[in-house]
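Below you will find one chain, with nothing else, as C-alpha cells; this is the form predicted alone, and questions on how it binds or moves follow later.
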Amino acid sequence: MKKCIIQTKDLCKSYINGKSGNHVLKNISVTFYEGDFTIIMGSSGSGKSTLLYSISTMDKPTGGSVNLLGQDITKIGEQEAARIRNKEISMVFQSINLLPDLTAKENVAYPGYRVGKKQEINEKVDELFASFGLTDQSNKHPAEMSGGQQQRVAIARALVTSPKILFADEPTGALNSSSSEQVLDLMTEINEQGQSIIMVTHDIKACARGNRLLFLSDGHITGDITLGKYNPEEKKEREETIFQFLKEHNW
C-alpha cells in the first residue's frame, strides 16, 4: 500500500474583495501518495494553482485541513512553514527565477548551504549537474544559458535539499517544445528514482508524464484517473486517453 504524504479534508480557499467573495477551492478532500507523479489539470480559473499553493505552505487555506507529511499545515505559523519549505519540500515555477549575478552552480548550492554542510552540498551539486547533463554549464550565468538549461538548473536547485515532495507549477509553460521535452524527460527520470512530484500543467504532453491525473472544475475535483507508469513507446495512445478523459470533463 502506498504511503500518504498529503491529505486534505474539506479544503477551502476564498478571496474576499469588499463585500463579495471569490470561492476558489470548495471542500476538497483528496490524498496524495509517496512516489507518485501526480498531475493537476483544469481550465483557466479552476483553482489548480491555488490548490498546489494551499497544500505546499505557499498559501493559507481559509477552511478545512491539510496534513502535509504528518503535520496539519493550516495550524502552523510562518516560521514552521519556512522550515518545511527549506527542508521537506521544494517548488519549481514557470518563471525560473534564477539569481542573475550567480553562476548556475552557485544558484543551486545557495539554498543547500542554509540546511547542510558546505562540502556535502557542493558534492550534491556536482552529482546533480552530472546527472542532469549540466556540468559544462556550471560556471555560466543564467543569461548565458537557454531556457531549457535554466529550468534544469532550477530543478537541480529544488532537489539539492533532498525534498520529500517536489511541487511544480507549469514548469514547461515558458519553454519551446524541444526544451519542454528535455525538462519533462528529467522530471520523469527523477520520479522513476523515487521522487514524489505534484505538478500543475495545461499541456497534455506534460500531463502524459504523470501516473495520476486530477481534474479540477469550479473549485472541485471532478475527475481522478490512474495512468500507470509512463512508457515513451506508448506516448500517443497515452495522450489520446488523457484527451478523451479531459473531453469527458468538459476541458
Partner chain sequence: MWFKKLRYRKRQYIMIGSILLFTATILTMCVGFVGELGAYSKTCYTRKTCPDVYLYTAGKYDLEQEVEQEVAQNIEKIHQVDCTILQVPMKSNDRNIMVNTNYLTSGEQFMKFVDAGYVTIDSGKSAYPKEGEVWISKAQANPNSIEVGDTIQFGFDTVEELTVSAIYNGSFYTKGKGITIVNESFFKKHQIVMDRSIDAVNLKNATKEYSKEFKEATGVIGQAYTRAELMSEGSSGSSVIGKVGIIASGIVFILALAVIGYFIRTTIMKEYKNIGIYKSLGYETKEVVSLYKKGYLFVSAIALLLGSLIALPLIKMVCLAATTYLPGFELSRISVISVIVIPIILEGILWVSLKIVFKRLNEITPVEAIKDGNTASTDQIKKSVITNAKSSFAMAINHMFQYKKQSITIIAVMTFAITMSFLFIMTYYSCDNMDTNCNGWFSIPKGDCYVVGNIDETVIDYLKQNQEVKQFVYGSILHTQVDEFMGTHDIIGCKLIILNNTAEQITNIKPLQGRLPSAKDEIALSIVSAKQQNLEIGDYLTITLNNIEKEYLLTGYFGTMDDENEGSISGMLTSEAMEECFPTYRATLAVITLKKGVDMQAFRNRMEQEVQGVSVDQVYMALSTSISSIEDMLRNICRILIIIFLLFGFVIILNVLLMQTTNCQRQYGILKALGFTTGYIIRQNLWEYGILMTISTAIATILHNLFSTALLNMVLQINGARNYTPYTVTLALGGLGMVCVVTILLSLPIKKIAPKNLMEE
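A quick note: this is a predicted structure, and the numbers were derived from the prediction, not measured. Positions refer to the first chain, counted from 1.
Another form exists, predicted together with the partner chain; not displayed. Remarks below refer to it.
Stretch-level contact check against the partner chain in the model of the complex with heavy atoms at 4.5 Å: of 187-195, 212-220, 56-64, 34-42, the positive one is 56-64. Mapping the unseen interface onto this chain, R85 counts among the residues with a heavy atom inside 4.5 Å of the partner chain in the model of the complex.
When contacts are judged by a 4.5 Å heavy atom cut-off, R157 counts as touching the partner chain in the model of the complex. The closest heavy atom approach of G173 to the partner chain in the model of the complex falls outside 4.5 Å. Not displayed here, the partner chain is approached by Y15 to within 4.5 Å at the level of heavy atoms in the model of the complex. Between the partner chain and the residues S95, S177, Q71, T135, the one pair within 4.5 Å by heavy atoms in the model of the complex involves S95. The putative spot formed by D101, Y110 and K118 is fully lined by the partner chain in the model of the complex; each residue has a non-hydrogen atom within 4.5 angstroms of it.
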